[in-house]
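In the structure tokens that follow, a single protein chain appears in two forms: structure 1, then structure 2.
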Structure 1
């Protein structure tokens, strides 16, 4: 059974009397990746900073692995690994030397554990090279190695794919999913790359103007798909779908027809349209995406 690793209860933040965060409630469980999304000024970064104790809450509670960050901060933070903005490291040292420095600050991190995280992030061939020779993607891998050395239950990543090329983003996604699903970490990740979040995450939480306006599974977002037909005789086609296939039909602004039917019925509808000579031009799937949901909930605001 999954463990509740992160819990936010009615979290508020006000700065100089202005309410920035307005009563956020959120849960994150072991073994899952939660995407945290919000437009510019929504309070996303403020929330992440409160979780790791960089700024204090005005009101509310945050629990990490059952420990309150207000009442038991040290124990709570022992369960957290995070990269907020860019990972910090010494460029003139090797990747391994950077890990050794961090390991010396934590109790119980053995050489075997260091080798284990190097393998997890795929750094075996480059770990002894100087960090200044690393690509941005390699630096992100080393940053994650640093963050997970102490076996945290919660891993927080703020815009981790910034600057990565498509191949690097794909590799990063696989690594995050491996850490969550095979290492049972709870991963909270923010990103402006919506398509990547959709592929990486199990659930998403969308914040707007200091409030979480939607928390849902990625499966729920993409399951609601329909079929779109572009035909010349739209009214006749609409009538066929409604009367012969007993399905509700939407006539869209671009004069296409949208209906939610099983894929096994599409060929039958197409055949019927051909028989009725309605002028079938094309047929396509209309599958909702995370971007569709985001834009609908945030009125098209810029993503940060």
Structure 2
């Protein structure tokens, strides 16, 4: 059974009289990865800071594993691992010394566990070097290591993919999904990379000017994502799809065909296109679905 790990109730924040967060409600369950999406300055980092108690709420409440972050900070924070904004570490210490200091502030993190997370993030070779010699991606990996080493119930990551190389991003994605689905952590991750969020998250919350404008499952978005065909004989292809597969077809501006059909049917369509010799160049998933949604929801939003 999944349990409620994080709950935001009507959270507000004003800084110097300016309303930055205007009443956010959010729930996050164990074993779930929630993507936190929003344009620059929409209040993602501010919200995450309030969740971990770095800044105070003007109004509202945050509960982590049932404990109020303001009234029961220590009990609440026992369940949290996080990276907020940048993966800052003591750069005059080695990676290992950093982990040791942070582990000593928690209960029950063994040396074995520390070694385990170091190898999980692929930092064994450089862990004894001083952090100032690390690249951004290496700092990010160390940041992830310190966040997960206590096996928190709630993992909060603010733009964690920032600075990671493609291999790193893919490893990171697998790691996050493994943590969520096998160790049933609840993960809240903010990011700008929509494709990342789409591949990694189970749900997304889209925030705009301090308000959550939509919370939806990624399945929902991906379900009606559609398939795109690039063919020479556009009209003939459109006819085949409409008549033989009984589906609505859009002819897009770039002369591609977009149809919403199940993935199981795609190979049959392709076979038919080959037989009909319509000049099939490529077939693709419509990658833009989340981006379309994001842009539609945050349209006209300017940085204020």
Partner chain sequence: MKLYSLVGNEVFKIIMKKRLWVIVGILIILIGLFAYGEHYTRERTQSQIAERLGIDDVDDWREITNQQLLDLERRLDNPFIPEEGRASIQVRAEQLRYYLAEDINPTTFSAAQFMSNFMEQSIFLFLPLLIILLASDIVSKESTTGTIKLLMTRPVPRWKILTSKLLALTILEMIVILLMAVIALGISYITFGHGGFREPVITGFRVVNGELDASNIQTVSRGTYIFMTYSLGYIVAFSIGKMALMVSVLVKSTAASIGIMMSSLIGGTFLSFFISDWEITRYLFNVNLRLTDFLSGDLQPVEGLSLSFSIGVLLLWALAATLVAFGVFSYKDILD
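Rigid core: the largest C-alpha set superposing within 1.5 Å between the two forms. Just so you know, these numbers come straight off a predicted model, no measurement behind them. Positions refer to the first chain, counted from 1.
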Only one structure is the form predicted together with its partner chain, namely structure 2
Using a rigid core superposition, assess whether residue 281 undergoes a CA shift of 2 Å or more between structure 1 and structure 2.
yes
### Message
For residue 95, does the CA position differ by 2 Å or more between structure 1 and structure 2 when the superposition is done on the rigid core?
### Response
yes
- [ ] Superpose the two forms on their rigid core, then report whether the C-alpha of residue 59 is displaced by 2 angstroms or more between structure 1 and structure 2.
- [x] no
Residue 247: Cα shift between structure 1 and structure 2 after core superposition, Å, came to 7.8
After superposing on the rigid core, the Cα of residue 144 moves between structure 1 and structure 2 by an amount in angstrom of 2.6
